[in-house]
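Two versions of one and the same chain are coming, encoded as structure tokens; call them structure 1 and structure 2.
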Structure 1
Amino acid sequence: MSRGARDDVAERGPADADRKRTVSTDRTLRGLAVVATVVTALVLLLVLYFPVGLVFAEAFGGARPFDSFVTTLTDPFYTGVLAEVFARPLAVGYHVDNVLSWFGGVSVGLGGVDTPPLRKGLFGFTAYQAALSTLASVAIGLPGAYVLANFEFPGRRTLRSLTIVPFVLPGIMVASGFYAAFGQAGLLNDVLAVVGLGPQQLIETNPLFVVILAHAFYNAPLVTRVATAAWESVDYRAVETARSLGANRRRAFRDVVLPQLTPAIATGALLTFLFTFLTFPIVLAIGGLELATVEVWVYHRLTETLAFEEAATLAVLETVISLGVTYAYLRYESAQRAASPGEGPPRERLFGRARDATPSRLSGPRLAGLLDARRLAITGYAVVVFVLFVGPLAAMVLEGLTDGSGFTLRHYEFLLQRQAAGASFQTKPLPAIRNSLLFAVATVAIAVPMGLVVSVASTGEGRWRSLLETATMLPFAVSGIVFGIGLLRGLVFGISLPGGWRFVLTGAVAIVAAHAVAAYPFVVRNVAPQLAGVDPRLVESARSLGASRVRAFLDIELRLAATGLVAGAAFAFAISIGEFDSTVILASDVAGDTVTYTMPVAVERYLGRRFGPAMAMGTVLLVVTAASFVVVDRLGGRVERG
């Protein structure tokens, strides 16, 4: 071999080695992607579709499979005035005459609009209270997003982090907080008595109003969080352009800002409607069967009368409605994905104008700045938010620090004694805290890859994409009761396998899997829109330079979707911390370190026997959750900043 040939071989050596390493790395990444996809499919099949399918199958167990649906749909108790439509679907003229007759009975007078009675039925009332709860949540949540996105003030970032805290509190604890705040012997009446006003009986006289407030307590922060992220991504250059062309502030908001916020508002409204349509513990605790929703009635039929077929039929119909709403939303969202994110509006100082930041005392212009109409409106809004959100939480904290005769720490002493000397079958606080945090971290570790896989699968073009996306959003549409019973019958009792084997999934693994299934849709909803918004020319450029498809995804698409990934991880953490319905079914109390109950389950168990220690445990849950989210949000902010 000549010297030149030897030099060529020597030069090709390192290049060949680099190429082999690149090929090997790509193969490894493709293998990991395949494994993640297979694991995601198995988890969804075993922990979601199979258990839910077991429950739904009960609805078709009669002599004729659809008899139970016909009976339910034609019963006015369930479908109200629509029962006649389902019973006589071809009598169009008769139904039109009924509608015209109803509108003919509407009268307008000085006292307002008077309408004839309209029987809603169980499904109608459930949709009615969900619609009212959605309106209340959007009305309360949007001003919060406006303040957080447009104003700077001390503690803004911490307040932004804490907006997720109400969303993760167990429903039974929120109901207890509302009783402690707005009940006949609650905190509100104590405050009213101090100023000489008589006691109010909000829960006793208007339970629906309190239920709607409790739903807003849960969901308005969700609306705030989603809308704040959208408001901070508004393309403000378009606003400046509109203002330079003569548009006033209101016109610029209506024509430029509002269209960019609409998808986020629709997202918050849809999620709120779904959550409140499937509401269970709050309605059961505050309204009971008097305000029964479909979910409460399913629980009642299962536990009181063991009417399994009827409950399964209601659950199927409830899920069909929820999936229909989800599908319609996804079609709408896919049409809104073209918008590109901006840098958001510049923030004003909430207390005083920016140019007045340095004076040491109130000057005239600064005082005018403090008293302008917007800041006065924000002050009024802050008062409402304080009463609605801080009131129940403060009442819960006070219940943990009082016993009717004054201030006491004996409820916390009870928790310490239970931890130090409690029997192995009793619920202790430290294992509950430890399990909640460990399960939440494990849930993030599973739900984020699952959400990423589903996001990639559901991103792109095609007529079946929306259907696939809707099917993967099933956890949004299935009630917690149905999911929990399905897990119990499918996983805890075991699945028969060929050869006499039996697949049983219990304990921490089952709980984390259930939490991951409940949480991954939130990752999808945050990541998929960002992946869909990536400029395909960036990916094509990387491919033309030799990057494999997997490498281009990791280096370009995943980095551009990092913000959504962090937000999805925060939601997954939140869902796991507050999850109750499936955890209370799957949690075990085996002696030693194998206990798997969490903080929400501990609160529920204490509530059954001791209200004071339950509120003390609820306060511990509140503190741990708030501290966790401040840390998660700060870590997420560092990841986003890169």
Structure 2
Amino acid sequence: MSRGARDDVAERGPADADRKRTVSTDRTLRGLAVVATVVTALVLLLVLYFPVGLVFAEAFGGARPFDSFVTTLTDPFYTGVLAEVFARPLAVGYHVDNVLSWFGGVSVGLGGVDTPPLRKGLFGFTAYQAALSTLASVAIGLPGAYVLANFEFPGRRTLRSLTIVPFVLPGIMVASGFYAAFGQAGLLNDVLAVVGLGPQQLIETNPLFVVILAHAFYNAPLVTRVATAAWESVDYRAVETARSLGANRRRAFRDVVLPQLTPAIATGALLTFLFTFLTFPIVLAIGGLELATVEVWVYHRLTETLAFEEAATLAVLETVISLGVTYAYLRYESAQRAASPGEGPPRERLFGRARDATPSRLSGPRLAGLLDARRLAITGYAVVVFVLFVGPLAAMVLEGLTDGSGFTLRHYEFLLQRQAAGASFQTKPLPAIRNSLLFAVATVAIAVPMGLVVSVASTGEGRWRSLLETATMLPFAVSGIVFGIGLLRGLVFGISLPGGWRFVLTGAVAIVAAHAVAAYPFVVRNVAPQLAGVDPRLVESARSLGASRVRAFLDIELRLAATGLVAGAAFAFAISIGEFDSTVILASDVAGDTVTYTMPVAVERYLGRRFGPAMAMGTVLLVVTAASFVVVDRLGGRVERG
């Protein structure tokens, strides 16, 4: 708030009672803003930068600080063909020859393009599967945004709320769901058998394909969500103008709508790439070691073999790559002109006869036929989405309701009985539900102000802004495992202080802090672009009419960014409910009566020999979170309109 110095303008105005009251509230508000900023900085320092720094410091523990990086970068196992480049960076001619001879080996034949083998290395493979996952997520997610933004149908709002649900599902549960749905004895094969088709072996024969589908399961809804929000605020008057000037539908879409959607699609793609670049539970569960990513390697080094230096080196490299991608994106984003919020496209009715839904000026049999083709495509898309998203979830719910012999309620009975008679060292369902909801509400309460503070701090121009924003995006770029281990070694084990004291942070406070740190970047990513898009002339006029800077911010900028704030809050809620890696580490250390495990932790603990109860608990998680999202979204809708 660099323009804060001008705040005293308000105090010199007419001294009536109302004005005085406003000034004193403004002072309080300004005080609050300062407190929020300080608290945000402290939380970030203590719960993010310190623990992550602790792990990263291990990477520099060798005889010479950068030895471990040289070793890693020049190892073909990690960097593939690039290892030679890292080993002999100055031998440019040699590398050029290599590239040329590789291209010399490319042959184009009837069977397509044939290329000589190219060793990708662990990093190369990780980026490769992340790129494929991103493509798949955008391809599956974007049509969803189109349908949600352009059509009206019963349940549209609810469906829009539910797009966030996959986000909260623990990876291990999704993997189980994919097995239950697409495995050899899975739901899909049962259905295919009814139709008379033989069993397919999707997971067996093409695990990479299934891993990418599972990544799309998580991230396509994310793409849908951000793209829908953007589509709904496209300024459609411009489309009408373009149409009235003679542009056809396709042309108007390409020249007017698409440019306004691109930043949102790019955001979805960037987040998908970051998440899938740092992926590990899905890969480990479906792909196994053969599809290992860098993160899988980090995970084993940190938790099994305790080879910290190697793990930390890989983690630093991973983070450098992620932050590089983030920085590039933020530079791109700041170059985009933020669109002024509009009303979005007029929604057509999806059901009913096409003629009824068609505006009268677009009549004629040819157009109606075209529209029907469009609806046909939407139906096809709905089937694909249904199989991909509802399949694993339905399979999971069914697993919770059946045993080998048929329908049963005994898995739910187990949960009830565990709740009633479980010993203190056993995991009970009710505290898990209570903790999940409690932590989620607390996370929203902390992450939203934090995100707002960071958004305001990083609103500005140019290179420095992008750098600062990149730094605040660190939670996206650091893997969950590194974050978790950092918290474990930094906060749970404690920091030693002079005089033999130890500062130890565990329990609910630590979990909420960790969740808030993981969640606030979502608030920033939703709010910052909207803040940047506010017309500065609006703020200027408010100031010239006597409003203080804080008042102008609250009444104008915040109102205009309310949609982003609500979206960010929903994400913060989702992150908290679904978070597993650091929760399990922070929760396991609590002894006595104040248990702090959450629903995903309970699901993981029930998995083992008790598949049924684990899936029953997973169903509980699903129902509780789906219900809360519908509530959050409805409340949010009120805020957005208010």
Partner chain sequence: MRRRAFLSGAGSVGALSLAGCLTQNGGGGEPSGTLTVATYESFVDSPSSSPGGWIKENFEAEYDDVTVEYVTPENGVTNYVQRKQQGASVDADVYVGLNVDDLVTIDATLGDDTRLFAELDRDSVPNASHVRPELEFGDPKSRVLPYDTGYISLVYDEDEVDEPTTFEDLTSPAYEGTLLAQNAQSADSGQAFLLWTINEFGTDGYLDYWRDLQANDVRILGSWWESYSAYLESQRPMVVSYSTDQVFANVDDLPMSRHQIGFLNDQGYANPEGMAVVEGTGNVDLAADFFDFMLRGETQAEIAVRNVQFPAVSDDQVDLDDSFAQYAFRPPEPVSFGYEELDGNLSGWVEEWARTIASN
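The term rigid core refers to the most C-alpha atoms you can superpose between the two forms while keeping them within 1.5 Å. Treat the numbers as computed from the prediction; the structure is a model and nothing was measured. For residue numbers, the reference is structure 1: its sequence is counted from 1.
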Matching the form predicted together with the partner chain against both blocks gives structure 2
Just checking, between structure 1 and structure 2 and with the core aligned, does Pro117 shift 2 Å or more at the CA? no
On a core-based superposition, does Pro498 travel 2 Å or more at its Cα between structure 1 and structure 2? yes
